[in-house]
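Next up: just one chain, as structure tokens, the form predicted on its own.
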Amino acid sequence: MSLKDVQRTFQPASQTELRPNGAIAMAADTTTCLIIGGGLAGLMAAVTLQRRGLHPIVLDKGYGIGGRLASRRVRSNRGNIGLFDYGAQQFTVGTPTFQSWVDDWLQQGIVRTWSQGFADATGGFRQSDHPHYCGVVSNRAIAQHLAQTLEIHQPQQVTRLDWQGEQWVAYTESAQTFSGDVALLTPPLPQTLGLLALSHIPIPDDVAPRLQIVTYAPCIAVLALLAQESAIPAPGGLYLNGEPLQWLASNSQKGISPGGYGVTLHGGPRFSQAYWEADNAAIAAHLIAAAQPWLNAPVMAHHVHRWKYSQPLQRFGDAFTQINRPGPLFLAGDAFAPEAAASTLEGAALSGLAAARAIADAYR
């Protein structure tokens, strides 16, 4: 959706204005929704609420929007720069709902089809039933596209939620406060439950056991900037045996790093758990050594990133859940992914969309 399309959605103009940063400012009597978490679930929910006439305010603890739609540059001491997707590498689609969004992104040049599958460690090729999509510029650019007309505050780590009168008030580490009529929490579920506990918000007895069974697998990523192109087979992705490595990706073959040969290495869940507290140098040395047959080049620079909640192993079972006391509070995110989702990213998107529709139907 273009900026003009967004502005037309909120006519008459007397009820809206466009802020200098591109965000839409709604009328004073518009229902405001606090969205905690600027990953794909939070952003999809925010765009949907904005289109339905509500005012979403997104609070995210990071400096870069998008959660696991994460991309960054790594520079060597020789001045070489590689751009890496180091969180979610690609995504597939299994539902018409999410496909409609992806088709729009394809038309606008935000995403492209990367491949119909990837090579594996045996020398074979794992053909997929679904196309694998990725961002044209980077995967973070998908999040930036969604965020362009939203009111987003970063970095804002929410430390407490409090129901005051008829509104939620979010308190942040930077001593700022934000208020809204309804709240939507989209971080990884353990972080959401931690915030609810610190805020002394009770979870209904019929919901608590289902939330507590949700578990995640960790993943340690190493971003390795090489002196030359790697030996990863075309189209640039490689499935490995899972331990210590489960995935390699050539960002130059992927098309996002034309100025540097960057390879993203994802450690397996057992390795990531065992090495979670290890020194970064030890982690990088171990995973780079394991990947050496496919790197085939000296490593000029590297960076290590830990994803504590990489992928949900056990999900909630519904697309979102709602807590009505002390005020209207919704929980969504990848832990609430519907079974129809073909990828973790699609699951997060569908959860955010479902929660946003419920909020809009009840409060617009």
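Just so we're clear, the structure is a prediction, and the values are computed from it rather than from any experiment. Quick note: we count residues from 1 along the sequence shown, nothing fancier.
Same protein, other form: the form predicted together with a small molecule, not shown, and the subject of what follows.
Task: Which of 304-312, 317-325, 46-54, 291-299 lines the interface with the small molecule in the predicted complex (heavy atom within 4.5 Å) - done: That would be 304-312.
Open item on the list: Under a 4.5 angstroms heavy atom criterion, identify the one residue in Q89, S272, S138, N251 near the small molecule in the predicted complex.
Closed with: When the small molecule is considered in the predicted complex, the option within 4.5 Å is Q89.
Task: Partner proximity in the predicted complex: Q156 to the small molecule, non-hydrogen atom cutoff 4.5 Å - done: Judged by the heavy-atom cut-off of 4.5 Å, Q156 is in contact with the small molecule in the predicted complex.
Open item on the list: My question is simply whether I142 lines the interface with the small molecule in the predicted complex - judged by any non-hydrogen atom within 4.5 Å.
Closed with: Outside the cut-off, so no.
- [ ] Using the partner position in the predicted complex, report whether V111 sits within 4.5 Å of the small molecule, counting heavy atoms only.
- [x] Taking the distances in the predicted complex, the answer for V111 is no, it never comes within 4.5 Å of the small molecule.
Task: Partner contact for G180 in the predicted complex: the small molecule, 4.5 angstroms, heavy atom - done: No, G180 stays farther than 4.5 Å from the small molecule in the predicted complex.
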